[in-house]
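One chain is shown next in structure tokens, namely the form predicted on its own.
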Amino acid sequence: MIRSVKLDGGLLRNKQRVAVEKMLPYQWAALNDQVEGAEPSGCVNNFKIAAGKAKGEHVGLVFQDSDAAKYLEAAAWAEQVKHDASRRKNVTQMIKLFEKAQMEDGYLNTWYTLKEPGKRWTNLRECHELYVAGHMLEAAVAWFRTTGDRSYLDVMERNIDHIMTVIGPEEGKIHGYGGHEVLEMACASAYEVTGQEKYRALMTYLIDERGKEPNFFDEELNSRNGESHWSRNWPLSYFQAHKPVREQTDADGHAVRACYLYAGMADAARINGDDSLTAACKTLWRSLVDKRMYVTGALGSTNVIEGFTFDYDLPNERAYSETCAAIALVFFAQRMLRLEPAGEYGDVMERALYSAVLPGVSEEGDKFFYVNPLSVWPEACQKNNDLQFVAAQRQPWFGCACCPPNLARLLCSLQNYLYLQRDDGLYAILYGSSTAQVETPAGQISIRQRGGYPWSARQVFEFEGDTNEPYSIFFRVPAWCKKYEAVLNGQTVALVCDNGFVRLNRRWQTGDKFVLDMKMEVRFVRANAAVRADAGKVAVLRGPVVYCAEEADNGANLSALTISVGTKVTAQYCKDLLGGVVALEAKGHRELAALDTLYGDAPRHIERVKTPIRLVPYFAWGNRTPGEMDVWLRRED
């Protein structure tokens, strides 16, 4: 059992500190409509009205309750990081509101309590009742795990009991599932914490029923005479309901929903020992990472469905790349690791975390990106209607505010992603300065991890305790690392990387010191030729971090830059830049050929001048003067 993990230094610790100390107080104010200039949330007040503590009408979207749930989950994980009496008071205040707002039959949802009380469970396809319940349950489980307080979990147990009287395989119940997945994952978490069979049963039913014929969503829509809550009748693939899950081969539809489903499927496959579901998860994983994922680890090629289009369609300026989708990919990757510890899953989780999740929040923790394109031209975002969904600057809040609290709950729970314990040993997945207390079958050990990751890749592991007998620890060697050295107690040891990990099996004792020194180089990465948006271009990566060029460093019209591939790139840590990052200096040229007309004959040689190109981590872009940004740059040999 991993008893505790605490981040205590480095980039991840800094991001977690910002989340705990700045994001959570800011988000509590936003949920209470106290942030000047931000779109009103109404979230907390909706519960006050439903609880009889205030008067008024429901404010916000049909899934507005989920914002409060995600905040509460973040607050729960923050208890593991730093206890705060004021924050804890906020949570207990909300739990009391939930108790008062909950109907006698266990139903809990302010939209239907306040706005459409006669339409409960009539639109599972579009109206998020199960989605809200899922986020509420996840938060309740997290609160119970971190504090031992069952009050929130008791509320949600009554809610799940009610749901199971409405939905299920029995005659007289709705034979359906939710249009926005997440309850599947939440039920897995609740089952593992409580051991109650009802959570496993509901999780399994929701996954197995999805996409069966006759299709539930079609029948439900027909029962409403085609009436849609959103005035849009999305195809079944949007909801991942076009086929039974075991028959789906492509990552389709809304990207957040898809990865929430896939994560739930991986949970169910592991818990139930379901080989057919495991195979389906692996097939969908391959579709995601081989053909439909951005180099940053982002997902979603179009704003129209907030999701996937077709293989290799990965536009840069029009990338939707929702922050929530990257978070969902982290969840999926972690659960694939729990299902089967392959280093590839850790690689993708790491890529998504550093270059698709972290960009979603400003350095100060009070501004947010919903959409994360890989190329930004601010004037086009303002004046081109096709790009008005792209913000060139982070925003204080959103009417649909799913991303900010989702970011907070992941960042506050980062300690849960560093290690994975299985029957065959302990796996070190993510690297960051931290201390872990681990109970093994052979005794308890403490692991102190030190290093400058992700800026340097020399990680030092120091041990206290005694395992009494040999115990295996697996250390991930990222795919970007082509050369590494392993040193145990001052002696170089020959360790072969197998499936992304090196393994040390020994009796661990106080004073043991293991060093994994991974060579970190700058890499120029090209895309598959089928990715038309990136033809003739390269992206620059160093270790797990994707870099970009910003106008603040390189001037306007970044499209005129070409970068020299194969020449030396210098890397330097700049403690006063963007909160402390490694910046890169590369060689390149800027085209000077200018025309007096819109078009003209192409000369044999285009006039250009040498220019240094400065690159900064993509996650840190947009924290200075607004301007252009590009991840993919034109290459020159």
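Residue numbers run from 1 along the displayed sequence. None of these values were measured; they are calculated from a predicted model.
If you look for the form predicted in complex with a further copy of the same chain, you will not find it shown, but the lines that follow are about it.
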Since exactly one of Lys82, Arg145, Arg150, Arg523 fits, which has a heavy atom within 4.5 Å of a further copy of the same chain in the model of the complex?
-> Arg523
In this chain shown alone, the residue from Glu485, Asp466, Asp311, Glu340 with a heavy atom within 4.5 Å of a further copy of the same chain in the model of the complex is Asp311
Please state whether all three residues Val59, His175 and Tyr260 have a non-hydrogen atom within 4.5 angstroms of a further copy of the same chain in the model of the complex.
-> no
Which of 575 to 583, 27 to 35, 589 to 597, 48 to 56 has heavy atoms within 4.5 Å of a further copy of the same chain in the model of the complex?
-> 589 to 597
Is Lys383 one of the residues lying within 4.5 Å of a further copy of the same chain in the model of the complex, judged by heavy atom distances?
-> yes
Partner contact for Asp154 in the model of the complex: a further copy of the same chain, 4.5 angstroms, heavy atom | no
Is there a non-hydrogen atom of Asn528 within 4.5 angstroms of a non-hydrogen atom of a further copy of the same chain in the model of the complex?
-> yes
Is there a heavy atom of Tyr294 no more than 4.5 Å from a heavy atom of a further copy of the same chain in the model of the complex?
-> yes
Going by a further copy of the same chain in the model of the complex, which residues of 558 to 580 come within 4.5 Å of it through any heavy atom?
-> Ser559, Val565, Gly566
